[in-house]
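Quick setup: one chain, the form predicted alone, written in structure tokens, and binding and motion questions come after.
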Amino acid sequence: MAVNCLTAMSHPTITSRGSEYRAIMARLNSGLRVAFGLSPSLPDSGTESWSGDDDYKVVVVSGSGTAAMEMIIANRFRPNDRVLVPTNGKFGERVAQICGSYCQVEHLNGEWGRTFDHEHMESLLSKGGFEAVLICHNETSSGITQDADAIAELCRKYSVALILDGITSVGGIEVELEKWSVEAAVVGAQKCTAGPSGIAAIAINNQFIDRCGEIRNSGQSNPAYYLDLQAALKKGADDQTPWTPAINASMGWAAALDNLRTEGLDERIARCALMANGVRNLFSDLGFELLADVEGRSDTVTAILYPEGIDDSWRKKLQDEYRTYVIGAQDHLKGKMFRIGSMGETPIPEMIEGCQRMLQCFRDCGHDLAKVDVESYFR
């Protein structure tokens, strides 16, 4: 999180029903439209800041990205609706699990880090009976980004909705909601937009809104109360939320999104790509193996397998002695891999310094590495 994000969060708590908080929500909504790559809106209360000249509205959710994803799924599908969820990592698998609570799921549980089998997806969709395809667009557990263009084309071909978990892609990787005809997408504050954890947002188009309304009116909807989309829609145009929002987190996220607006979305995406490319090339040149398939490697996180003889004790040493933090692996890859994030407001010099410390820590652990000019990989 940026310093001014933390400063904003330290503001004394205010009422969520006054003009002061409406002004914060308007800034937040307007900033979210920038992050989602949507048409702009004014950051002023009373101007319907959640909408613009396109078909989408943004809705803030006082909960993590998982809560926002659950809000989409719970409101959009009926218990008997059938959805297709291809996965190649933990967070895609979580999408499938959420769907399992609200509808019928065909889960294509693929190998972590491998690209989706689009031919298999098409063979299933061609048989009909599916309401939607849901994907984790950028899978941070395995360092891979899905080919949303190709998946969107399949969805159009077979007239099914496309739902996007963009928690770690929106604001850091190119996301084209209109081009891909995405009905709904999620962003988590603490990832690419460098906001605080525990708050998220969804971008939804009119087709999604209308379908959710039809399901509710038909009496076939899933139970929902706190995550009831209809309640959120009644308040959104007035820069409000139906329940008490995460007030200070909203203040921090609005400040972080101001930073994104200042930097520029295209510029942030380019910086993330430059850092990720530098990390990939640096560690590949030094003989490390990357987990994800070459054609899908993420620009916001790189998954790197440990060389023989190295495990998570390296990561602890890096933290304790070098005051440098990288992410460990999850589930069956725990202790076999580490992950380097290249998202948010991380400056390039900080990434260079971090990589230098990592390499020295590997040498300290007895792993023989050639001397390289780390800085040259990030130009």
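Note that the structure is a prediction, hence the values are computed from the model and not measured. Note that residue numbering begins at 1 and tracks the sequence as displayed.
Quick note: we don't show the form predicted in complex with a small molecule, though the next part is all about it.
When contacts are judged by a 4.5 Å heavy atom cut-off, Gly31 does not count as touching the small molecule in the model of the complex. The closest heavy atom approach of Ser64 to the small molecule in the model of the complex falls within 4.5 Å. Of the heavy atoms in Thr168, some are within 4.5 Å of the small molecule in the model of the complex.
When the small molecule is considered in the model of the complex, Thr87 lies well away from it, no heavy atom lying within 4.5 Å.
Residues within 4.5 angstroms of the small molecule in the model of the complex, judged by any non-hydrogen atom, belong to 131 to 139 and to none of the other stretches in 220 to 228, 78 to 86, 146 to 154, 131 to 139. Proximity to the small molecule in the model of the complex, taken as a non-hydrogen atom within 4.5 angstroms, holds for one residue of Arg94, Arg261, Lys235, His118, which is Arg94. Among the residues Gln190, Asn205, Thr241, Ser250, the one placing a heavy atom within 4.5 Å of the small molecule in the model of the complex is Gln190.
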